[in-house]
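The data below hold one chain only, encoded as structure tokens and taken in the form predicted alone.
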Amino acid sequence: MIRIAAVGDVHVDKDVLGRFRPALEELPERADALLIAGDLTRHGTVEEARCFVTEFGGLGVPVVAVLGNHDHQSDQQARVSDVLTESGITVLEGDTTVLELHGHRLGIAGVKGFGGGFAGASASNFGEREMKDFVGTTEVIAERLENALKSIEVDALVALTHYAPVPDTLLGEPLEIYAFLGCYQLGRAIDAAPTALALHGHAHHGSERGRTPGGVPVRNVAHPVIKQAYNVYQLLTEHVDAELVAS
């Protein structure tokens, strides 16, 4: 069994320091790795990235993250990634990492993702150059995720994104903004590989549980949704949905 702790949208700034740390100190007893589904910071500054490292670094388990839209706000995303990487946190964007845990190989493929909408209500790569650029960005990112998921052979495979791959986990959000919260291309990429679990954030008012068209369990782990420091999901058991509550 592999136990994955996950959370997203923690939006760390100096005023958040200490809020998550007490629960995180217990993490090695509850989980084998921590995955963070983007929006690590509030405005994507280097100073906030250092605050994030203070709160989420040195936990005694591997920490793997993708960036979110907030982490791009100040156009310092490369420097934000560097701060995290230098602290030992793995940041994914179209690539993978493999963790050896209890004799099993856990593979994680991650991208930030992008918007565009879902079946029956999605943007198309047609018309003005601005629209083609928007949808083209989504398609490129989804292709990177698919290629990353297909590139590794592991015992359990997890897709980590910030934007949602399915509309199920957006229930509770206004329908008018679904296209800005995720896209069907991410779900299609996840279904193209033997993915065991997909994790995302971004939808603060959404729902936790969903599935891709191909049946892969999807979990919205945005902190405002799960309402705790992290959820824990078990892999390589009969039921991926088994969750260990961590306050």
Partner chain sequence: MSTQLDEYLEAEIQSMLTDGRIAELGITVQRREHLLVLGGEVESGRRRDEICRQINERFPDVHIVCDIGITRASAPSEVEEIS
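Everything quoted here is computed from the prediction, not taken from an experiment. Residue numbers count along the first chain shown, from 1.
FYI, the form predicted in complex with its partner chain isn't displayed, but the following is about it.
Asks: May I ask you to choose, among 217, 194, 57, 214, the residue with a heavy atom within 4.5 Å of its partner chain in the predicted complex?
Replies: So the residue touching its partner chain in the predicted complex, by this definition, is 217.
Asks: With a 4.5 Å heavy atom cut-off, would you call residue 188 a contact of its partner chain in the predicted complex?
Replies: Contact check for residue 188: no, nothing within 4.5 Å of its partner chain in the predicted complex.
Asks: According to a 4.5 angstroms non-hydrogen atom cut-off, is residue 42 in contact with its partner chain in the predicted complex?
Replies: Result yes; residue 42 sits at the interface with its partner chain in the predicted complex.
Asks: Although its partner chain is absent from this view, report whether residue 69 comes within 4.5 Å of it in the predicted complex, heavy atoms only.
Replies: Output for residue 69 is yes: heavy atoms within 4.5 Å of its partner chain.
Asks: For the stretch 1 to 33, return the residues whose heavy atoms include at least one within 4.5 Å of its partner chain in the predicted complex, in the order they occur.
Replies: In sequence order, 3, 9, 10, 11, 12, 13, 15, 16, 19, 20, 23, 26, 30 come within 4.5 Å of the partner.
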